[in-house]
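What follows is a single chain, given as structure tokens, in the form predicted on its own.
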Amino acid sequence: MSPVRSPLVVRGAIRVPGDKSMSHRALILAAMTNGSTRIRDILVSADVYATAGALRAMGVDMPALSADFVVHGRGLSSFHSPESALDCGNSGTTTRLLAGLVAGLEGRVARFEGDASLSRRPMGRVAVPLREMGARIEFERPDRHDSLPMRVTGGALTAITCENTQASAQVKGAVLLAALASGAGVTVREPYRSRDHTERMLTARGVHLIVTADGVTMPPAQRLAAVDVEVPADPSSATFLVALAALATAGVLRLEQVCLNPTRTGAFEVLERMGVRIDREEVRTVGGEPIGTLVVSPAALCATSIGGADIPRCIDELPILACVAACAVGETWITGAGELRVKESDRIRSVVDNLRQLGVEVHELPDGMRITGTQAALTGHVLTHGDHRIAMAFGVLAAMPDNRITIDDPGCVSVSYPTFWRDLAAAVDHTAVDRTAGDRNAGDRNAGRPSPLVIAIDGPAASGKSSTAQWVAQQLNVHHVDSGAFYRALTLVALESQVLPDQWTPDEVMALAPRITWRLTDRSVLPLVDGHVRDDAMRDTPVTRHVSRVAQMAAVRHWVNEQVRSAGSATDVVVDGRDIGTAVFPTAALKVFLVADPWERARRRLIQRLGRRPNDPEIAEETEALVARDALDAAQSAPARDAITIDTTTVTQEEQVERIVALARAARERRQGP
């Protein structure tokens, strides 16, 4: 007899972020064009920031990324060799597409670098056709492995017919961009048709292409016209929420303005084979791409086989399809997906190991896996290896009631879907879940509860927010998030940029934001700079002196708030910082606003900083500085209307922590119901 699982109800309408593949290409084609291109709804994520930063380094006038901006392209002649290596972060798309562009720019040279994950991924597949066309590609590792660092020298390219043994939109795009930049003709053939965004976007810009069932030909001497771009919602990102709805027991979920390009809808078709009902409404064509609204209803899921022509159309979605298969009736086979081994992680090994750890019967194949579905509750800890697709796939399983799943690095979703945890929580009908779940999840962290507990602690500078919040989090056995640490991390990288603080602009500071990510530890959410903890440097005097300047920037505040919301949507948290209870978490279960006499706040800060008892003149000077900062921060220092104010002037920290913990436990009991 199958176990009876607690219900999961979905509801609402969500527009997931803009398509990642199209966002990269929109920036690159706008930069290559001689004219102005308006770009709307681009994906603002770490990968796309990497492409924008690389283009800036090559002389492109690239503005800060936002929901609506204009790129003033100055044509191919404006590109120059970058003065330093192009940092591609974790983005294989950035690396391969821009390698193609540089290869077609005669006399330009660029060195490509990336993070540890990207530096393990093979680049030989793009190097082979580019070399055949006449570019010079050099791999710099001592073992001559075809991975980063890689140096590309552009040349006078010649026409070739590229016979790809694997269907790869990145290789195809790189070859087409190289040919376009150099004026050469090219033909690319593939065993299966890969994503065709490059072809569609080139055609929309006046480039003549001959598209056949097995490839594409671009005649020589083509020119680009400037065309405005509206980036539709990413179908790869949408698949995770489609999967959530498929695994639900009731409700309907609408996903709006999703790209329905037939080379991208393979995952939806696989899910439909498994029994999911996906209706397509309001379908229309925008910029040469079909888009529409997906209406998804839960289903009784059955196993299927995924292979052959399916694979290039759902390669990025295979981890979440595997997780859905783990809950389906029967045995699902995934074959022909060897490319998964050279993604951000070895996704075959990652998925297999994590499913096994959760209690799923799964067998690893050289090019895929065999999964036997189960209706049992799943319990365990997921290792993402910093791979955003792994984190999101298992995040969907973690959202199912009865499952007890923790995820080691939920912050890595910023690569492609920065608001994933918030959208995942929004897709669940919390009221329906709370009515039936009772107190099953009490005390668990990131354990299948779709609406994590948030305790917001606010107050003026030096009111004791951070130390109090850290102690409260320990008492409640949840994670602590210091929002101020994100401001400090961004201030630190701004100071290291060698630009004088009085010359900082929001665009310049935000261009550095992709260097900062976050990760869960046992007790806290830590911001990382270039993947490393830099806490001492972040707390040092230069950062303290200039952090207010950075915090006043609206774009920075928006970015920090998104990081904090993402963490608070991934796990139970105690969050401290400015405007936490008003702008960041207006629906937090508990909001506390700490106040204290400025003299007492100054005294506490100096004890912490100096490690000794300060004298009155020192306290007076520090008091003046705090009052001045209070004036600067006034707009962010007001308590929420439903916040509980605690004056800490005459109470010990232990006493204030006890009060907040008691309030938090009461708030948690109210959320869980009788």
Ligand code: S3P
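Note that residue numbering follows the sequence shown and begins at 1. Every value quoted in this text rests on a predicted model; they were computed, and no experiment measured them.
This protein has a second form, the form predicted together with shikimate-3-phosphate (S3P), left out of what is shown; the following refers to that one.
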### Query
Just one stretch in 646-654, 659-667, 21-29, 8-16 has heavy atoms within 4.5 Å of shikimate-3-phosphate (S3P) in the predicted complex, so which one is it?
21-29
### Query
Any chance S168 has a heavy atom within 4.5 Å of shikimate-3-phosphate (S3P) in the predicted complex?
yes
### Query
How about D387: is it within 4.5 Å of shikimate-3-phosphate (S3P) in the predicted complex, going by heavy atoms?
no
### Query
Counting only non-hydrogen atoms and a 4.5 angstroms cut-off, does S566 reach shikimate-3-phosphate (S3P) in the predicted complex?
no
### Query
Does T93 reach shikimate-3-phosphate (S3P) in the predicted complex, with heavy atoms at most 4.5 Å apart?
yes
## Note on the structure
If we test each of R604, K343, R205, R515 for a heavy atom within 4.5 Å of shikimate-3-phosphate (S3P) in the predicted complex, the one that passes is K343
### Query
Tell me, which of V352, I315, L76, I291 has a heavy atom within 4.5 angstroms of shikimate-3-phosphate (S3P) in the predicted complex?
I315
### Query
Which residues from 112-135 come close to shikimate-3-phosphate (S3P) in the predicted complex, meaning a heavy atom within 4.5 Å?
R125
